[in-house]
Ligand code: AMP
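Here you get one chain, nothing else, as structure tokens; it is the form predicted alone.
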């Protein structure tokens, strides 16, 4: 059941409500070179055995294991990319390079460093073999040193599942199986809008009672990090009509709108009523987290709206905590944030425990965490030295020194 629009919901409930509303916005094809940051829309299958032939794992000599105790005649040199011309018989070998195809008859490759040249005169009738070249194995034993056909992958085997978030490590995999064009989920179109008469653009010097608009650019940067090129709709003044028109314009253009400010309980916080007048159903507008309580999420007419708090730390955290998982779900990926466990280097104390607390922290060289200087949700400079954030559950005021804590990188 959906939460009442103006009732306080717990973070876990808000997250569930949010991601359950997500839909994918279609697929497209891109080059495998553009894969990093995209989500696979269909499985990738191997188109051939990998390796496609038995090949040498090192530079050495391909021979028969049964002949390792005897001098071996070198009958051929095989380079990578060149098909062997001779079969290996008794007492014979072929000099072979790493990655080169194994000649017929050979079942072992001995390393170059485990061999020495042998004088051909030890063989009878050497006067008829003036160009004869012999080597001898000097090791005690050796593995086969062969990469066998299909030992990595078999033709038709699935190597990447739909829904995989692709990274740079996947590019050579795609190249190896010939997946040069891949189907991926589309990025949703996202608009960003700041609200507040007090805001001016960063290039302008604020006058009396004004501040620079940092939230919009912070959100645009956060979206850009996951590959989304957001549309910026500027600053909506504290005027209901002007705000409605800017929101209407953004909703015509984009699938998702993210606002900052105008969603709290002040006289000029009329974003919720404006959204409702435009057919947006509000699922929640207050969350039991700190910072970030006045956070709104609504849907309607195939559109999605997030109203994030006006304070910059709050908007930064709530975009990471709620908007980011939603956007990934819209791209067909169940994103799980990474966590690492560290010990608290000192006690971390907060005054109230009625909401889930998110605290910015730094990590020292001894892998201990400490709170950064943090004056509250308006203190954007607190994040400049932060390595991550930790959650303090409802009802807990103190993280004791030495206690192990999950840290979410930022």
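What you are looking at is a predicted structure, and each value in this text was computed from that prediction instead of being measured. Numbering follows the first chain given and starts at 1.
FYI, the form predicted together with the named molecule isn't displayed, but the following is about it.
- Mapping the unseen interface onto this chain, residue 264 counts among the residues with a heavy atom inside 4.5 Å of the named molecule in the model of the complex.
- Shown alone here, residue 104 lies farther than 4.5 Å from the named molecule in the model of the complex, counting heavy atoms only.
- Although the partner is absent here, residue 199 is a contact residue: one of its heavy atoms lies within 4.5 angstroms of the named molecule in the model of the complex.
- Though the partner is left out of this view, residue 295 does not reach within 4.5 Å of the named molecule in the model of the complex, counting heavy atoms only.
- Within 4.5 Å of the named molecule in the model of the complex, a heavy atom is found for all three of 195, 213 and 311.
- Between the named molecule and the residues 114, 320, 118, 269, the one pair within 4.5 Å by heavy atoms in the model of the complex involves 269.
- Note that among 140 to 148, 87 to 95, 256 to 264, 296 to 304, the stretch whose heavy atoms approach the named molecule to within 4.5 Å in the model of the complex is 256 to 264.
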